[in-house]
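Consider the single chain below, provided in structure tokens and representing the form predicted alone.
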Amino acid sequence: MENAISIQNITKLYGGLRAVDDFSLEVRSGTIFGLLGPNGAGKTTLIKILTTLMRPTSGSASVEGNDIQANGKEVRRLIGVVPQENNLDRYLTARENLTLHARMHGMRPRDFNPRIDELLELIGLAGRQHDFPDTFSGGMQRRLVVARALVHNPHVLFLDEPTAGLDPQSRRALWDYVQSLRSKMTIFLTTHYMDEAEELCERIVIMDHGRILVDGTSEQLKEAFAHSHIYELEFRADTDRYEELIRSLPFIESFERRGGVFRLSLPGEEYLKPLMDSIGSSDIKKICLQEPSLEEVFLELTGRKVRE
């Protein structure tokens, strides 16, 4: 099947609030797809709709060709879900958590026991399988939540901010784990980490206020927003004087200083010569053109104001 997920004009209303607003999307089978957006953009609401936890106000969607409302039971059989929170059963051991999930999916012991052995080995918890989740670190619990979602060999895996709150080592371990699943299943990922999206996702959609803003690969999104020429400047001396001088130039679109490094944007490359004429070159230690980052694309589209 060409598309694992198909969404047609999904809308979700909470009173007068449009959490998801006439949202349409196709996700190809066997890809890692990333959905980005600020808090309140509608990401988690959309995942709840696709995983049959919530009914849309209008519109339709299907997973592997199965309508999420008419064939919800079949959709649940085909998907694995990693929610934002570590919702493990604290009164069951690591292995018992996986066993319970397997039984809920109607698997028989002869099928699920080898699968659980494989997953526990893969996530590095084989030696802790008889311990309770409360004795695990946050990273270990997160890996166990992912393993639980994979017990029944889902066709589509939903990861809702899977590395939130993890230390860098645990994040990297989970990235490696997700990448090992590439092409074995379709992965639908939401995240607030731009580096995570760039590392893992073959295609990225940025949404806000329930709607799609842009859609493409990381490189395509950055290229589309490379309309400003961003330069980094570093001086050997007199940095305060140069900061005052640069800030006074009328053609500087934006300016930021981090220690002794200046980051500024120009309307076009033709403004580089007037900049150099103004500041001279005797004290310049470094000057380089910077491409926009995915984070800068995200902030330009969704704004820089902190949201609740």
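Computed from a predicted structure; not experimentally measured. From 1 onward, residues are counted along the sequence shown.
From this point on, the text means the form predicted together with a small molecule, which you will not see here.
Among T239, T44, S265, N66, the residue placing a heavy atom within 4.5 Å of the small molecule in the model of the complex is T44. Scanning N39, S254, S281, S248 against the small molecule in the model of the complex with a 4.5 Å heavy atom cut-off leaves one residue, N39.
Note on the interface: of 31-39, 56-64, 266-274, 240-248, the segment with non-hydrogen atoms within 4.5 angstroms of the small molecule in the model of the complex is 31-39. Among residues of the shown chain, N113 is not one whose heavy atoms approach the small molecule to within 4.5 Å in the model of the complex.
Using a 4.5 angstroms limit between non-hydrogen atoms, L299 is distant from the small molecule in the model of the complex.
Among residues of the shown chain, L289 is not one whose heavy atoms approach the small molecule to within 4.5 Å in the model of the complex. Within this chain, I10 is remote from the site of the small molecule in the model of the complex, having no heavy atom within 4.5 Å.
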